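Single chain ahead, written as C-alpha cells, the form predicted on its own.
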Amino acid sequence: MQFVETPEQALVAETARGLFADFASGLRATVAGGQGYDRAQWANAIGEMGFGGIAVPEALGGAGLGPIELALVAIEAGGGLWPSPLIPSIGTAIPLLIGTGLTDDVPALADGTKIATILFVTDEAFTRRNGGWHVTARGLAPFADSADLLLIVGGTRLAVMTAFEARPAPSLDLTRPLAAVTVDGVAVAVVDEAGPAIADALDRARVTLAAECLGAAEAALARTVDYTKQRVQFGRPIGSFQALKHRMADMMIATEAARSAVLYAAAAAAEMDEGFAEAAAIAHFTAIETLRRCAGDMIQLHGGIGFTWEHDAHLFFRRAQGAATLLGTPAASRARLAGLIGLEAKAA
C-alpha cells in the first residue's frame, strides 16, 4: 500500500494549518482559563470548519471523508499544541459510538455542540444486579468537568453516561487538563461483548493521537532550528556547530519516520486493511517516542531559555508525557504489536 496525498487532502491540511496558526497566539490564555479550552475556537474549528465531522459518515451529519483527512487535521492541531478535547471527543468517542452502534449523540459531537470524554476501567467495574448493569468506577479523564458525555470503556463493554461527578485534578499536560471522575454503583445501559468493535475504535483513536504527536514533534524541531539560526555564540550562530547539526538531523529523521508510520496507519484504516491493527500500534509508539525525543532535545538546544516557564518548550514536553498514558503506553502498543505478529511480548 502506498500513500499519495491528493489535492483535496492537501487543501484540508493547508486550511487546518492556517486556522490553528491563528489560534496559537492565544495558547497561554487558553491554558490559564478555567475550562482548559476556548469554546469559541472549538465552535469555529469543529463546527464551522467541519473538522469534527471530517471522518463521520454524511448520514450522521459528517463530511464523509476519512481517517487520512482526520490525521492531517490532527497533525496541524498538534503543531500548535491546540488545547481542546479533540482527541477524547472527536478522535476517540466518535469511533467508539459508531463502532458499537450508539450513534444518537454522534451528530452533536461532530458539530461541537457536545463534547465527550473517556474513562478506562477493568471488567470488574461492571456488575449485574437485579437484571441490569451497574458500574462503579473512579479515575482521571481529560476535560471531564466540561464534558456532556462520559464513555466508560472496560474490556468488551461500553457504557455512556450523561450524569456523573467530575472535579478538576492536577495534570502534567497543561494543554489537556484532567478531572477526577466518580461513578458509584450507577445503573447504566451497557453494550456487551463488543470487543472487536472497541479494539478497532481505539486503534483509530491511537492513530489520531499519533498524528497530533507528530505535529507537535515537527513543530518542536522547526522552532529549534529557527532558534539555532538566531542564537549567536563565539561570533557565529549555534546552528552552525557540528554537534548541534547532528542532533537536529536525528530529530528530523525521527519525525520523518513517524510521519510515514502515521500516514500509513491512517491509509490502512481508510482502506480497512487487514494489517491496520499492527500499523496503528506502530504509529502510536513511534509518534509518542518521537515527540518525547524532540521535546527533550528542544529544551536542551534552547539552552537556558528552554528551562524557563515563559518559553513554550515545557508545554511540548508536558504534551509528550501526557500523550504517553492517554490511550495506553508506548510499551503496551509494542507488546500488542508483538502479539499480533506472533512474538512473545517479553522477547519483543
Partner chain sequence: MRLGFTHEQECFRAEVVDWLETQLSGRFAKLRHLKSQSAFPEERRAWERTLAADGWSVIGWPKAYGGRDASLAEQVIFAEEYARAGAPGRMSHIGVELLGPTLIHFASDEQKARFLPGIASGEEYWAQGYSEPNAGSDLGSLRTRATLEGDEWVIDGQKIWTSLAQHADWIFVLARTEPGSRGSKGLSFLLVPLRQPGITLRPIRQMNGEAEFNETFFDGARTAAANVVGGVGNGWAVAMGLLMTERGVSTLGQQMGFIADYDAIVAVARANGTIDDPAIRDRLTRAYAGLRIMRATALRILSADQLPRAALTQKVHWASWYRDLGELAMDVAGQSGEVGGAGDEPLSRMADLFLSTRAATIYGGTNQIQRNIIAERALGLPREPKG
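Not measured: the values here are computed from a predicted model. Numbering follows the first chain given and starts at 1.
In what follows, reference is made to the form predicted together with its partner chain, a form of this protein that is not presented.
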Original post:
its partner chain isn't shown here, but in the predicted bound form, which of 188 to 196, 267 to 275, 168 to 176, 108 to 116 has heavy atoms within 4.5 Å of it?
Top reply: 267 to 275
Subject >> its partner chain in the predicted bound form: contacted by all of A125, R129 and L158, heavy atom 4.5 Å >> reply: no
Original post:
Heavy atom to heavy atom, is A338 within 4.5 Å of its partner chain in the predicted bound form?
Top reply: yes
Subject >> Any non-hydrogen atom of L221 within 4.5 angstroms of its partner chain in the predicted bound form >> reply: yes
**OP:** State yes or no: in the predicted bound form, is some non-hydrogen atom of E289 no more than 4.5 angstroms from a non-hydrogen atom of its partner chain?
**Re:** yes
Subject >> Distance check, F316 to its partner chain in the predicted bound form, heavy atom within 4.5 Å >> reply: no
**OP:** Consider the chain as shown here, without its partner, and state which of L209, I152, A261, V183 has a heavy atom within 4.5 Å of its partner chain in the predicted bound form.
**Re:** A261
Subject >> Listed residue (L65, I282, L27, I299) with a non-hydrogen atom within 4.5 angstroms of its partner chain in the predicted bound form >> reply: I282
